[in-house]
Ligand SMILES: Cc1cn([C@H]2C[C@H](O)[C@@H](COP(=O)(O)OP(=O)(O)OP(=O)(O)O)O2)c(=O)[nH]c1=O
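Single chain ahead, by itself, as structure tokens, in the form predicted on its own.
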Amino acid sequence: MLILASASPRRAELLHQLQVPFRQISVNLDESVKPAEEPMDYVVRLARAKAEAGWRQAGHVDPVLGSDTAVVCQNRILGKPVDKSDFQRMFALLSGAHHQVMTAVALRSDRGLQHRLVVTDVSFKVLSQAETDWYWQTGEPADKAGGYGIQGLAGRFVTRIQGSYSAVVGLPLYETAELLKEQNLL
């Protein structure tokens, strides 16, 4: 049975769409960005590390899927906001601007470790201070990369998306399906 090395309910919901049986486990990793690490390298490193950690934790038996998502604006990774002022700083960058959401997915099995990287371009409308304050008060931004969830209330701020919607949510379905097919898991 496939293992999803993530506690994310959003990733689990997306993986259910592929109709592959799986179970979830949580892995603990240091998710700090390394000095001079490029955003693409960062998300690939973390997705691969999550898959490897899950593989070890599960006893090297079942294949393990790991994934990581980063919101990148002006080549800066916007993590989960630590407080309201951090969130306001992020939303000032995102307001009226174009940014990228980078999601990597990795599959670890006895056949090795493979990954895919998806980069999606997202544009936000110009946000008023009232909209930013309202969104913070909803509580939704607190545990989201870049301080927003496209599948939730922040969807109203998105003026354009070019690429994979599911990757912005947290798991690129097409690329995940391709990885699973390559290992006869789908």
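Note that residue numbering begins at 1 and tracks the sequence as displayed. Quantities reported herein were computed from a predicted structural model and do not represent experimental measurements.
Keep in mind that the form predicted together with the named molecule is not shown, yet the notes after this line are about it.
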_Using a 4.5 Å heavy atom cut-off, which residue among Asp121, Glu31, Asp41, Asp133 comes into contact with the named molecule in the predicted complex?_
Glu31
*Sole residue of Thr138, Thr159, Gln129, Gln151 within 4.5 Å of the named molecule in the predicted complex, by heavy atom*: Gln151
*Is it the case that Asp62, Ser109 and Leu180 all touch the named molecule in the predicted complex, with a non-hydrogen atom of each within 4.5 angstroms?*
no
_With the partner left out here, check for me: in the predicted complex, does some heavy atom of Val168 sit within 4.5 Å of the named molecule?_
yes
*asked:* Whether Leu186 contacts the named molecule in the predicted complex should be assessed with a 4.5 Å heavy atom distance threshold; does it?
replied: no
*Proximity of Glu37 to the named molecule in the predicted complex, heavy atoms at 4.5 Å*: no
_Partner contact for Met1 in the predicted complex: the named molecule, 4.5 angstroms, heavy atom_ = no
*Since the partner is left out here, which residues of 1 to 39 would have a heavy atom within 4.5 Å of the named molecule in the predicted complex?*
Ala5, Ser6, Ala7, Ser8, Arg10, Arg11, Glu31
